[in-house]
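Consider the single chain below, provided in structure tokens and representing the form predicted on its own.
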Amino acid sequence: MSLFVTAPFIGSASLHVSDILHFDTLSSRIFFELRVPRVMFAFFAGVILSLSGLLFQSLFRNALMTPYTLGISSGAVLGAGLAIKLGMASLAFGIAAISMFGFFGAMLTIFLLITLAGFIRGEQSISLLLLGIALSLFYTSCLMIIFYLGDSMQNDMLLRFTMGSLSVVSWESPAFVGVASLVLFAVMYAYRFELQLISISDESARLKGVDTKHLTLILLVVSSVAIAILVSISGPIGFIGLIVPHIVAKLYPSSINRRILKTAFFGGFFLVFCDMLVRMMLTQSELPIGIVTSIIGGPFFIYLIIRGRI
């Protein structure tokens, strides 16, 4: 809880408790309209990313499975890139075109993965991972074309989006992401025992009466929608879904159904902590959060490979 209390006071502008209690001051507006929504947005984003990582790794019994490695984030980036290239501001009801196109890009990737998974023979988890990598490479190539055809302003907007950001104004974005994180947590917790059985093997789950295909589809759709909502607003934030479930499993070696709540809180607090590091750096412009999480996640990824965890 001390992290939540401290985080809103960290940033380029110094704030004091006595200043924010006067609601007509600039310090109060910065605190309640920028800092606190940003902290809540970071927490809910960490919850979605970490729970999605735990879910994907459990369903496919593969430590590499995350929405980031499956190409879902890349699909959202490509969708946002198309909106930026077309010069679209909003579509309807004031919804930003970048967010909407990003959402559709992520959902299209999920549709492709689910459809192509029906043609997979043999080890499905490895094949799905390779499909995700192939889609990511394809999306990256399309994105390079947009970069090549775009002007300097469009390329700058797209570059900033691809790096990820937690900068939000007002409570609209934290509210959307917060609802998505609560729905994801509620669904995973409701099916926690079935998820535990599936993480062992599909055969053992079916012997216990679990409809594995139906349940897997439900969990994937709910998780993917939550990820799509998040990435369409923040851009891709890598490696949270990879490292947090492994850290929690190391700290609390218990069954998956008992790690859901711990993973959610640890992921939320971890991203809030990373965001604090970003705002503590005295740089001319804010360092994108995606760079910080990738710097931490990259070495951890290598560690998993060397230790034979994957």
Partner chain sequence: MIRCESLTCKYDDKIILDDISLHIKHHLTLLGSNGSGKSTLAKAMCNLIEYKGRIYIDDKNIKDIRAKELAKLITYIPTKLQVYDPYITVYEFILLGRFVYKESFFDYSKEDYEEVDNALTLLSCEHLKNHNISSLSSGETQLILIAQALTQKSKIIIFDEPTANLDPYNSKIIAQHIKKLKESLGVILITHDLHLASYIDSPTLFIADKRAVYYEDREKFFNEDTLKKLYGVTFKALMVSYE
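Positions refer to the first chain, counted from 1. Model, not experiment: these values are computed from the prediction.
Below, we refer to the form predicted in complex with the partner chain, which is not included among the displayed structures.
Next on the checklist: Using a 4.5 Å heavy atom cut-off, which of 57-65, 40-48, 25-33, 269-277 contacts the partner chain in the model of the complex?
Outcome noted: Going through the listed ranges, the match is 57-65.
Next on the checklist: If we define contact as a non-hydrogen atom of the residue within 4.5 angstroms of the partner, is residue 197 a contact of the partner chain in the model of the complex?
Outcome noted: Flag for residue 197 set to yes.
Next on the checklist: residue 210 versus the partner chain, in the model of the complex: is there a non-hydrogen atom within 4.5 Å?
Outcome noted: Flag for residue 210 set to yes.
Item to check | residue 190 within 4.5 Å of the partner chain in the model of the complex, heavy atoms | outcome: Answer yes; at least one heavy atom of residue 190 falls within 4.5 Å of the partner chain in the model of the complex.
Checklist entry - Is the gap between residue 261 and the partner chain in the model of the complex 4.5 Å or less for some heavy atom pair? => result No, residue 261 is distant from the partner.
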